[in-house]
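Encoded as structure tokens, the following chain is the form predicted alone, with no partner shown.
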Amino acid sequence: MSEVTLLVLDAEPPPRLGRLTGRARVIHADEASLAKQLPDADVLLVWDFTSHAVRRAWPGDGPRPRWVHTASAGVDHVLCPELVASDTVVTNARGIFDQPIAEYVAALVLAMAKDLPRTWDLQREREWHHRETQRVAGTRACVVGSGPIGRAIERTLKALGVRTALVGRTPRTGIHGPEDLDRLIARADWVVCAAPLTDETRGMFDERRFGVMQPSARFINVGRGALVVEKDLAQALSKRWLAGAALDVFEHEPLPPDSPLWDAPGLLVSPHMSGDTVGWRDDLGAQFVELFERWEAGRPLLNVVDKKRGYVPGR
């Protein structure tokens, strides 16, 4: 086998690929140079998983890499019609972020139930204000998205005593189908969105869905920003249709300073960090090297994305 050319769409800090020394010719690109270098690559590593440069560059002329790996769970930022129609295999970082995101969701649930943001505000004001808080055990959650992240969230919330229902694309044992979603969110105390972004899920949480929820419910999104119609959420919070919400992902990132979401009542904003624990970049790099070694040896790749569906099929 001739030397493999690996093209890396860079972000700082760069991936650690020392184990591939002498086994691959590694070249680097940024958003401006990606289109020119794509025809030279056998493999593309999308290390800058916030970039949409692949979608813009892929439809150009010349050969294309046989394999694209994105160092993220979501793949909507790389898929375009030409890539979907091609023979190129796409893989993702499935498995890296599951438990960290589940822990983050649990932390948000506890913080909102125990009114911790208000406690910190009162401390800064040097105000002693006794309150009663909500008990988490015995509450109901609806987790939307039945992939590894959604299942990890389900397990973690159940460990807190939360009665949890999981909703996926198709109903099967232990998982509800989309036809049950409205019924489940109507009685849920916690609605957690961890779904992939597809044509079917884009904007799925809108004015109507927020209107279905209980006034005491809280909404959490750790999936993709475009799953939520953000102006509808801001309006729902302003009208007190919901007790609160937490967003870790947004349609446009970074969130612009003039976004009304910053001032939406009862909303916790975090900068797309729910899966990013200490050492996460090293884990992503190690995962890619392991996948490369499988590909180099002619073994089947793991985490292969169904490009038409937009995610890795699972149980």
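The numbering used is simple: start at 1 and walk along the sequence shown. Model, not experiment: these values are computed from the prediction.
The next section is about a form of this same protein that is not shown, the form predicted in complex with a further copy of the same chain.
K.L.:
To verify the annotation, which of these, Leu268, Val26, Ala57, Val289, has a non-hydrogen atom within 4.5 Å of a further copy of the same chain in the predicted complex?
P.N.:
Partner contact (heavy atom, 4.5 Å) among the options: Leu268.
K.L.:
Looking at Gly168, Pro100, Gly225, Pro148, which has any heavy atom no more than 4.5 Å from a further copy of the same chain in the predicted complex?
P.N.:
Answer to the contact question: Pro100.
K.L.:
Report whether all of Ala111, Pro254 and Gly279 sit within 4.5 Å of a further copy of the same chain in the predicted complex, measuring from non-hydrogen atoms.
P.N.:
Yes: Ala111, Pro254 and Gly279 each sit within 4.5 Å of a further copy of the same chain in the predicted complex.
K.L.:
Is it the case that Val136, even though its partner is missing from this view, gets within 4.5 Å of a further copy of the same chain in the predicted complex, heavy atoms only?
P.N.:
Within the cut-off, so yes.
K.L.:
So in the predicted complex, does any heavy atom of Phe205 sit within 4.5 Å of a further copy of the same chain?
P.N.:
Judged by the heavy-atom cut-off of 4.5 Å, Phe205 is well away from a further copy of the same chain in the predicted complex.
K.L.:
Given that the partner is absent here, does Ala152 sit within 4.5 Å of a further copy of the same chain in the predicted complex, heavy atoms only?
P.N.:
No, Ala152 is distant from the partner.
K.L.:
Since only the chain is shown here, I'm wondering whether Gln37 would be in contact with a further copy of the same chain in the predicted complex (any heavy atom pair within 4.5 Å).
P.N.:
Answer no; every heavy atom of Gln37 is more than 4.5 Å from a further copy of the same chain in the predicted complex.
K.L.:
Go through 122 to 130, 172 to 180, 68 to 76, 214 to 222 and give me the stretch that gets within 4.5 Å of a further copy of the same chain in the predicted complex, heavy atoms only.
P.N.:
So the stretch in question is 122 to 130.
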